[in-house]
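The data below hold one chain only, encoded as structure tokens and taken in the form predicted on its own.
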Amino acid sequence: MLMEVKNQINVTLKSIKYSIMKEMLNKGTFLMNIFFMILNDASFIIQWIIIYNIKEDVGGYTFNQVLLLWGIAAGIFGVSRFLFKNAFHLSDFITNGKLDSYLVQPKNVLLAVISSSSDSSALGDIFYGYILVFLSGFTVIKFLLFTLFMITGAIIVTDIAIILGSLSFWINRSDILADTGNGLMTNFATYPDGIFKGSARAMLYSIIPVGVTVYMPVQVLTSFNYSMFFIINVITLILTFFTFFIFYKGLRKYSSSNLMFSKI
């Protein structure tokens, strides 16, 4: 069992490696994509500089906490799209029969699909995230925790994308729902949770788990909390197991279109 898991991890890592190598074939374009993504992300922080020149805090967040908020959000979505780009296009794979070629491969179908393509510009998000961590006040502990939360957050974001994409096994045109759900995860992640009240706030800690991916990590990075640290990691594990369950349950209903789609 352990050997099988180890082999699957090695296969997945090689798949990620080859998808990154394809992105780097044109090094000029690869580097420009990264640079412009950093520039694009940096443009949004200007609005917060203006706001904090007027107010001391927004939704209970100081400017340094907003830097952490944006840093974690950027890093999470960067890691997710850099390593598992196709998780956000899973509906297309299911609807158009593009899973066919993955079903005949001797490896985990889900991991093979989501890791078969990479978004080079997402590296800019990751670098930008680390830049903001340094600007918010660097310590080794903060750097390590940030890296951990960037990984756990990316796993959760990827899980949500897979769950929403897997709805295509049961619902026609569920890609619209998947795109909307993924968009909500991105949009809410860049605003302090203190500005949301009542049911909207509750939704961000349940249906749209931005609270676990971004808000709680910011609180832990600001003032370490063992309970929150434990909750973040446990929810990540539970949601990942649930994601695999949903995908493979839906895969039983998959109907091949006889389209031998190639991922190369």
Partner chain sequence: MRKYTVIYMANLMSNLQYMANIIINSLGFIVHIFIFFHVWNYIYENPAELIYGFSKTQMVWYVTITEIIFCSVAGRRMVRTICNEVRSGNVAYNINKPYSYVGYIMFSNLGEVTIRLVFYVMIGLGLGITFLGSIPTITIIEGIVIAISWILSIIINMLFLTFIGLLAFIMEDSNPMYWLYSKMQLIFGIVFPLEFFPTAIQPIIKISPIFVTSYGPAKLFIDFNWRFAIIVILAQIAYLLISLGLCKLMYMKGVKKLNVNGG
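Quick caveat, the model's predicted, so the values are computed rather than measured. Positions refer to the first chain, counted from 1.
Another form exists, predicted together with its partner chain; not displayed. Remarks below refer to it.
Every residue of the trio Ile54, Gly59 and Phe196 has some heavy atom no more than 4.5 Å from its partner chain in the predicted bound form. Distance criterion of 4.5 Å from any heavy atom to its partner chain in the predicted bound form singles out Phe44 from the list Tyr205, Phe230, Phe44, Phe224. Contact check for Tyr191: a heavy atom falls within 4.5 Å of its partner chain in the predicted bound form. Looking at Leu177, you'd find a heavy atom of it within 4.5 angstroms of its partner chain in the predicted bound form. For the chain shown alone, Asn40 is a contact residue for its partner chain in the predicted bound form, at least one non-hydrogen atom being within 4.5 angstroms. At a distance threshold of 4.5 angstroms between non-hydrogen atoms, Leu184 is in contact with its partner chain in the predicted bound form.
The stretch from 168-176, 77-85, 130-138, 153-161 that comes within 4.5 Å of its partner chain in the predicted bound form, counting heavy atoms only, is 168-176.
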